[in-house]
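Here's a solo chain for you in structure tokens, the form predicted alone.
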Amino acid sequence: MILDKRKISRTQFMFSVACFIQSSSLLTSFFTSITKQDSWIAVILGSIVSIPTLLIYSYIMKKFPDKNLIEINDMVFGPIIGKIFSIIYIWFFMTLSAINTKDLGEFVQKTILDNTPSIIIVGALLLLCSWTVRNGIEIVTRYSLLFTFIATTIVISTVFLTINQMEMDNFLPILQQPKMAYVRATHIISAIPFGELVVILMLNPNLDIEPKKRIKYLLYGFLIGGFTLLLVVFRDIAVLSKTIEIFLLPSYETLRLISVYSTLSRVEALFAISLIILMFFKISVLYYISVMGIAYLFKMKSYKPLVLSIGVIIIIYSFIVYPSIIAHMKSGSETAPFGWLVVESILPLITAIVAKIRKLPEQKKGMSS
């Protein structure tokens, strides 16, 4: 049963992965407050640690090329345990949707529309996302290349614009943080944003890519997104030095320091534009897979009747998921990565092991025949 028969090309998939990672540039304060001037090291370590998890995703995608995560759970664990796993995943997707919606709403309100109520901003955002989701995954991912290009161009441009503000001494001393600081930061980065790529398992049946080649485009997208995140952190450390740990939005503060003559100031608007575009993309993807997950869980014939109702739930959830952005930052650096680890790594690993032991899906096909 395929509720959305539209396909994603290899280019769309690769840049969707990159765009999804780039959207987390708002969340660098989760780990910069821990590793300070060594945060660039944590990004590299987090990228390396995330590779095995990506290989698990690739294995599952290869074994079940025409099934999404909800269908895979039913095949591997049966209708009861499989639904328990699926409910956990759907809760995770809905939570990520609400958190990212809240983050973007608060960012827009505090930096651009300070006199506009949050409900108006969030409502307008979700209404636009609902139109995208209703039209299917191909529409959701169609502009991923453009969004990635815009974000990458802005990051590279701002690196050059901040050269006069950079000091290489800001990276010193190296490796002077407590060992557990690097472990914590690496764990945070591997969970947020890299581990959140578990969402691609919901897009598996929509990929117009040979199963064996999916890992290649997944890794390409991962490298593009990871390199952009590393460049952002490197730039912010070079400009802000150890003060990077005190800012909730280090990138925004970095760009506020740019002033090239009188004709080029307020460059932080570039960061705002880039972030809004990327977060719109990420929320649309999370919104889409939340709707699809519920539709598949209840074996509905169409996902479209759920779109608006799920959107309303996400809006309500976004106002209660965290009392403030500070609470979110505290959770993101202390508790959330541990819960995310279960959903992003442990459950997929269990799925891969059980599928291997039960010789699925080959055994399933044999039984059907």
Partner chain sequence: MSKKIKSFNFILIIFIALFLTGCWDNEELDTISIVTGVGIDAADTEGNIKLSLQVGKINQEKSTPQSAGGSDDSIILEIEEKSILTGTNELERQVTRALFMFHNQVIIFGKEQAKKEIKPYIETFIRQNDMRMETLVFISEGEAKDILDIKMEQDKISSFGITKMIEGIQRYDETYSIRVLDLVCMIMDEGTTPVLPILKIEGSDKSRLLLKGLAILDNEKYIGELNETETRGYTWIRGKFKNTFIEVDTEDGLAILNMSNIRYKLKPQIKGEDLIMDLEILGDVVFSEVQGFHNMTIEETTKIILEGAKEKINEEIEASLSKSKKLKTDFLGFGTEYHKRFPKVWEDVKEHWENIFPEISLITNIELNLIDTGKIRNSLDMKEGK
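The shown structure was predicted, so the numbers you read here are calculated from the model rather than taken from an experiment. Numbering follows the first chain given and starts at 1.
What follows is about the form predicted in complex with its partner chain, which we do not show.
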Exercise for the section: May I ask you to choose, among T152, N135, T162, T111, the residue with a heavy atom within 4.5 Å of its partner chain in the predicted complex? Expected result: T111
Practice task
Report the residue, out of Y252, F227, F77, F280, that has at least one non-hydrogen atom within 4.5 angstroms of its partner chain in the predicted complex.
Solution key: Y252
Exercise for the section: Spell it out for me: taking its partner chain in the predicted complex, does every residue among L172, T243 and I246 have a heavy atom no farther than 4.5 Å from it? Expected result: yes
Problem - Distance check, E71 to its partner chain in the predicted complex, heavy atom within 4.5 Å - result: no
Exercise for the section: Classify R256 as contacting or not contacting its partner chain in the predicted complex by the rule of any non-hydrogen atom within 4.5 angstroms, answering yes or no. Expected result: yes
Exercise for the section: Indicate whether its partner chain has at least one heavy atom within 4.5 Å of a heavy atom of Q176 in the predicted complex. Expected result: yes
Exercise for the section: Examine A98 and determine whether its closest non-hydrogen atom to its partner chain in the predicted complex is within 4.5 angstroms. Expected result: no
Fill in the blank from the handout: Note: its partner chain not shown here; in the predicted complex, the stretch from 269-277, 136-144, 84-92, 103-111 having heavy atoms within 4.5 Å of it is 103-111
